[in-house]
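Shown next as structure tokens: one chain only, the form predicted on its own.
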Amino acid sequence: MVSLNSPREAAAWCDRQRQAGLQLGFVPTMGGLHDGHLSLLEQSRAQCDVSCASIFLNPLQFNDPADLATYPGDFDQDLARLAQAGCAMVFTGTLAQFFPEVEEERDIPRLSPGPAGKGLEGRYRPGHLEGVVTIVDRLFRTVGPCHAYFGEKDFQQTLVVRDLAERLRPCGTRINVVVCPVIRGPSGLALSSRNQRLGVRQRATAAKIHQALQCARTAWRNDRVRTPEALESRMRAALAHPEIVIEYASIREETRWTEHRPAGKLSRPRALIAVYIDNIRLIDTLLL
């Protein structure tokens, strides 16, 4: 596996692959790799001729400095896992390398996440999605035309990234965003880098997140509960626990995402949850 510390060198490597007639797959990460990340790489390798990844802990998307400071990661271990999984190239960089046109981080122009960024993560993590789309724009411009793989767990983020990909098409950067299923542990807990901060008791508590999502799915499929308010009430009841602080437990209609309370019949309702357990923020989602 080729390991590069320069976005410019990574761009040249990607150009050489396309010039050789190879279809390129790309998995962007912030490090702290787990089996969920590797499932994205596995999908990329199944669909593309050659696959690359990035490791960059992006400070622009952290609205809480303490969250950034405690974000798990072991760069050497991440490199070893990518190499073992068949990644052909991994690159990293600095903000100065990704944004050479500015002198200070505060001068980096934040891109808008668009309509999909309203509510939920956009409400509870001010500036987060702006930071995501700003760095993903540079990652996409570095790698160039490719299939890019993202996890469904960060569902709102995938909508924002898809909107970004559409905005880049007129510039000649054609990105096909592929959203891959959530990978879960035995208890149903969605894999996340932040799970590394959970103790045994906290992991047991965190299992209630998936239980709440399943509760909403059962209510939708078996009990024919059809209003967002009633489905959200079921989730909140299932999440009730002294160690869980609920940020949101929301039902959104995928085809009318920007409507917080979609009028009319729900066709593709999606449950989304964000909670804190001992100051560790966890999110999850399930299509009902």
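Quick note: we count residues from 1 along the sequence shown, nothing fancier. Quick caveat: nothing in here was measured; it's all calculated off a predicted structure.
Only in words, not in the display: the form predicted in complex with pantoate (PAF), which the text now covers.
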- Item | Non-hydrogen atom contact M89 with pantoate (PAF) in the model of the complex at 4.5 angstroms | no
- Message: Just checking whether M30 would be counted as a contact of pantoate (PAF) in the model of the complex - the rule being heavy atoms within 4.5 angstroms.
- Response: yes
- Is N58 close enough to pantoate (PAF) in the model of the complex to count, meaning some heavy atom within 4.5 Å? yes
- Item | F150 within 4.5 Å of pantoate (PAF) in the model of the complex, heavy atoms | yes
- Item | Within 4.5 Å of pantoate (PAF) in the model of the complex, all of L189, T205 and I209 (non-hydrogen atom) | no
- in the model of the complex, which of the listed residues (I175, C180, I135, A85) lies with a heavy atom within 4.5 Å of pantoate (PAF)? I135
- Options 105-113, 92-100, 180-188, 150-158; stretch whose heavy atom lies within 4.5 Å of pantoate (PAF) in the model of the complex: 150-158
